[in-house]
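Before any questions on how it binds or moves, here is one chain, the form predicted alone, in structure tokens.
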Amino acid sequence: MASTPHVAVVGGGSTGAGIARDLAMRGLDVTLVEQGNLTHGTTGRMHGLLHSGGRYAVSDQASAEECIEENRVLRDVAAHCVEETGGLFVKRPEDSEEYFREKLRGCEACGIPAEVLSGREARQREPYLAADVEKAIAVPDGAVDPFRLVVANAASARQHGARIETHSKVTDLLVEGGEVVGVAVEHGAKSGERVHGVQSGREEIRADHVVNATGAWAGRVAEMAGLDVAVRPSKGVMTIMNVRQVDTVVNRCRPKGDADIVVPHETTAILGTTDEEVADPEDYPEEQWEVDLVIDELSELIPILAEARTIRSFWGVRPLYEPPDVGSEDPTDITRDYFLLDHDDRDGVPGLTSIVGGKFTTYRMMAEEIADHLCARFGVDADCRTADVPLPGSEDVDRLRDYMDEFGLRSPIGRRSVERLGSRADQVLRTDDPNPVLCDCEGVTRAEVRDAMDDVGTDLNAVRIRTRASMGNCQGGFCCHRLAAELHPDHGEATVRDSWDDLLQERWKGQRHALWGQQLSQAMLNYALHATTQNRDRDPAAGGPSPDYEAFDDGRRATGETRPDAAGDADGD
């Protein structure tokens, strides 16, 4: 073993990025590999709830206590990623009074601040709540930006010496003498300059230890070493509305089930969710009945949702795991707790540890536990500091208002820019270049886009998750081409087109389940704009023979000649 242990972390979601940061801050040599963008898997496909623990206060009090503990930590160290919305568990007439009292007792037992509100008091906070909501329990739920949080963790890990490789798929685990000694990686699933790290080719990354933090994919990665990790992926739909119908997280106060939560997120509200076990975390049906269910059920709590504009739907897969001897038949019964599986202790295969299960809110706690485990194994004497050291952007959020004044950012657009950037606002926005808004829906300026491109190169989807550009009402109809234009002239035409196509495809796939009413009109308008002004429906550069540019008229300025049919113009007729 080298003097400084080298750990390869597989998985660039919240847990993987959190582990990389924790280990790097303790002085270990870390390489993180992710098959897609950061947040490619479960983390990038969640509703953005920062749990108070209230949802688990009856059914899983251990998880509830972990959630309220981490809720408080993240409000401190990731302040620029968290919106302190508060949360309500609301009771309708048909909901159980006994369950309401049980929820309240559970919150108190788990140390979750809880306040009972009358129906009138709840509607004073959220005017669109249904008139027959009888009462509610107020808890410290919040909204969190998962993209911003993971990027901040990865950035911090890199600042402490970690190597971050995205678009780098692990194709095999290296096993020698019954021990895992590294990973085989294929860099860059696509050509061009859109890979964060090594751009293309295969590489064997040897390491003293490999951490499998791939969530719903953990079983597949473990299988590469002949190990059985029985992850039970469960899909759930999230549906995004065009505006924030609520400013508070609204939960239905009943035993956990489908379609019982609305999370305000940036300029939108996200409705969720369903819970259906699936065999494959990448290939499962996305069914319209799930979308209809969440809208119908949640309209009982917030009637305005029934007529509101839906802009897209997406599905995520929970990385659920339960020990082999449990065997729950209903996925809603599977614990949301996490498990650390040291495959030396468990299976007699040293060199590999898997971390499975868990929730986004507890990612940092999971990372701390596995980092403690590895430091003990390697004899490294270093304490965890991730609960105390702010993430990049959250070092001094009290200065946000000072930045707004300094840069004259009194408009909502300016405020949103500063809130997204946190303490990095000065570094990013202090520019002498013109700084127009490129994404009108989300108010994203050129300076933010350029800053993201400095970090991720030409990957426009990676720019999207860092800035929110193209994630608003028009779903990129009016800004995707502007983002692509920012890549010119630093990058070649083929690379720009490739990245632009990927962004359009990413934006389109979520709209397929929202094509009715105003969003159908928006999709048709986007199609017309992209087809008639950008040739996106029949791009001559997309394939087939090259255009015969010689056949085009060179124009009078180029040749110095007057066309015969233009002689009249030349004569002044």
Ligand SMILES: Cc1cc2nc3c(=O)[nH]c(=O)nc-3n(C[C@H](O)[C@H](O)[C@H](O)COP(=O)(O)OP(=O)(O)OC[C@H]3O[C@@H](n4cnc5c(N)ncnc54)[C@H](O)[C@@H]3O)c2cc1C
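These figures come from a predicted structure and were not determined experimentally. Heads up: residue numbers just count along the shown sequence, starting at 1.
The form predicted together with this ligand exists for this protein as well; it is not shown, and the discussion that follows is about that form.
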query = Taking heavy atoms only, is residue 147 within 4.5 angstroms of this ligand in the predicted complex?
reply = no
ask   = With the partner left out of view, is residue 68 within 4.5 angstroms of this ligand in the predicted complex by any non-hydrogen atom?
value = no
request  = State yes or no: in the predicted complex, is some non-hydrogen atom of residue 312 no more than 4.5 angstroms from a non-hydrogen atom of this ligand?
outcome  = no
ask   = Taking 4.5 angstroms as the cut-off for heavy atoms, does residue 238 touch this ligand in the predicted complex?
value = yes
28, 64, 49, 504 - the one with a heavy atom within 4.5 Å of this ligand in the predicted complex = 49
note = Checking 103, 359, 209, 252 against this ligand in the predicted complex, the residue with a non-hydrogen atom inside 4.5 angstroms turns out to be 359
remark   = Here the chain appears without its partner; judged in the predicted complex, the stretch of 77-85, 164-172, 474-482, 299-307 with heavy atoms within 4.5 Å of this ligand is 164-172
key: Joint contact, 430, 439 and 467 to this ligand in the predicted complex, by non-hydrogen atom at 4.5 Å   = no
inquiry  = If you apply a 4.5 angstroms heavy atom cut-off, which residues in 5-34 are near this ligand in the predicted complex?
reply    = 10, 11, 12, 13, 14, 15, 16, 33, 34
